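Coming up are structure 1 and structure 2: the same protein chain in two forms, each one given alone as structure tokens.
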Structure 1
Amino acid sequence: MSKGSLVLDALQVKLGGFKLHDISLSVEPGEILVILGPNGAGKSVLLETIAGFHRLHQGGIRLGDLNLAQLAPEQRHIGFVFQSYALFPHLDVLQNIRFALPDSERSRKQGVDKANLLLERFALTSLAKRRPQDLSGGEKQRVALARAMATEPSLFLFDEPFAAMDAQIRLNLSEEIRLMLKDAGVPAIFVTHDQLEAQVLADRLGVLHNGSLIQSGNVTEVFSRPANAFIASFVGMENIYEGTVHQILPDGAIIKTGDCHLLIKQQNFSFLLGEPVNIAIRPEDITLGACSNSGHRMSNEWEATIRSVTPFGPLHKVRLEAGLSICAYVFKQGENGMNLIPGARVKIRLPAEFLHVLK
């Protein structure tokens, strides 16, 4: 089977009233593309189309020097891990994995060793003789992942494979899968709605919405410089404000939002004076500190009133009022003498370099 880059060229698919619109992207050997998007965006349809389960209406799909659109699903040599497990109920865990091996390896010592290694890597050794009906949802999905790895395909497709697992197992498996995919050296597309999972796995991200690929780039580009307000909200920029361009500067602008004027540091600022815009900043990029009597005040710095404090793993999620309603994250070890209780006053700063202007 050919090995090489996966290339989608202006792919279009129509399913009832739903349509994938002109999807063009490429995934290099050894690269992991993570597709993010809300329910109904077309993420699963995209994977199923690449796998050959839906007919193309327009465009092309190539893998290396092969035209996949001309091949039946079973001829494409794709490792597909579904949300459902698709395990053989009459086979135990080890047999399910060994069944995926090439015929030449299935009954030989090489195949047995490979299957046992996969059992170990996916923490399944103690479950080797159990059948799928005796496994939890998370255990079944780990078997499905191990089986996909056993096929040594030319392309991997993952459709939210960790959905049935708890948070810590998801994180551990995300790290393990990334290492395995790098070892395999073939293109991989991973669909998820989990932002942490995406950041752990991705070399590159794509955001799908209403059947269209609306942004792609590396993790920093998509999470810190989203293309529009929808993407900003979807990737966790809880602080999004409507405003207008009040003044254009050599290296940014002043944006008026409500009664506040925010300094933005943004090279090649492309908006016009008076133009309506959205401003966004991630909660972790906001700085909080104890109030002081110093008369010196930095740009985008005010006193704010705490409205609520919520434990959020190693963080406090703090909601504040400072002329704008603001959400900030504060590490529990880094409170710097602040009195983080509702009603308390703190100093808040929105660093100009982390504020992002978008449509």
Structure 2
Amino acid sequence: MSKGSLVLDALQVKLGGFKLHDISLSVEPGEILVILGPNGAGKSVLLETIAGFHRLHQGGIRLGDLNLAQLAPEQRHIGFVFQSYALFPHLDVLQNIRFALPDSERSRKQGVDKANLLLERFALTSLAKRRPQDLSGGEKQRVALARAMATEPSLFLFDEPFAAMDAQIRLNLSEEIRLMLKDAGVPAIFVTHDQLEAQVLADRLGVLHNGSLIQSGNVTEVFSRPANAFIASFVGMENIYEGTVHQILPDGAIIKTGDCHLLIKQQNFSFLLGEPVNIAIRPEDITLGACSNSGHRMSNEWEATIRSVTPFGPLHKVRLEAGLSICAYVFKQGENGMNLIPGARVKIRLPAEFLHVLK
């Protein structure tokens, strides 16, 4: 296994009416890059281009010292895990794995040993004679990973392998993949449209939209400081408001939205006085508390009226009205002596450090 990093350099692909625009990125050995994007963003096209199934229009792909763009797919040594795993339905588990062995090993003792080791490592020994259709989702994943490992890949690509699975199973399988990748120590790209999956898997995150990489960075960065309103809403930032820059402060600004003035703490504040902006905050970053009179407007504290409380997995989603329409998450236990029923008044705080200004 060579341990070079993957570098895409201003990659362009044209495919029918669809285009990938100037994708540049790099992934280090042992790093997992998650590409997050809605259906049709070009996620699969990007992976298949790296794997050699689409002609480059411009740009380059390098893996360590290798110029991948010159090689056929079978020469690139890429472990590609497809949606639903794409196991060979006419071969059993062992045959699926043996297919991936190099020609020189396949029919020799070395190959048999290697296949057996892989079966053992992925806990598949007892399933060796099963056909893919008789495997569970988790077992299929292990076969797909074992098969990909048999080629000793220098790069892993994952194309939404969990698309057809239940939420519960997904998360367990994500964790399994993460452990295996960390162990393999090669670069990996994982594409998904599921923000939860992205969070669980990503060392770094890129957001793909209409064939362009519109933001990349670490997970916290993208999720709490999305570059624009599209990303904000795609990563579940339910509270997005239009406003204008009211005053610029040394370490932030005051934004006017409706009747409210919101204090923002943000380094490198790059907007102009009076400029229209969007302002966003994640529901889980909003603090709710019992009503008191200590709040004052400039610390982003108000009284708000509860409009509805709905269960939301382990949380409750609370919709509030306070001039702005606000959505917040709280744990189930009625903490802090609050009375969470529609119509009740509570104190809310939008911490200045979690408020984020975007285009």
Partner chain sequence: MKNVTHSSTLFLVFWLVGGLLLAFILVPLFGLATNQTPESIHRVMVMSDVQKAIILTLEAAFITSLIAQLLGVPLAYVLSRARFPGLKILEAIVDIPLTIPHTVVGIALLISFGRNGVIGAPVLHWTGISFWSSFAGVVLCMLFVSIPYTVNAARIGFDNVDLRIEKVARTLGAGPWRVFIRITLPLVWRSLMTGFNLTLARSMSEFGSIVILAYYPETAPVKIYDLFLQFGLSDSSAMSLIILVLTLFIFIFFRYFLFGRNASSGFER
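If you're wondering where the values come from, they're calculated on a predicted model, not measured in any experiment. In this text, the rigid core denotes the largest set of C-alpha atoms whose superposition between the two forms falls within 1.5 Å. By convention here, residues take numbers in order along the sequence of structure 1, the first being 1.
Student: Eyeball the pair and call it: which is the form predicted on its own?
Tutor: Structure 1, which is the form predicted on its own, differs in this respect from structure 2.
Student: Would you point out which of 152, 250, 30, 219 is found at the hinge linking the two rigid parts that shift between structure 1 and structure 2?
Tutor: The listed residue located at a hinge is 152.
Student: What is the turn angle of the smaller rigid part between structure 1 and structure 2, given in degrees?
Tutor: Interdomain rotation between structure 1 and structure 2, rounded to whole degrees: 22 degrees.
Student: Using the rigid core as the frame, report the C-alpha movement of residue 91 between structure 1 and structure 2, one decimal, in Å.
Tutor: Comparing between structure 1 and structure 2 after core fitting, residue 91 shifts 2.6 Å at its C-alpha.
Student: In Å, how large is the C-alpha displacement of residue 121 between structure 1 and structure 2 after the rigid core is aligned?
Tutor: Spelling it out: core superposed, C-alpha of residue 121 shifted, distance 7.1 Å.
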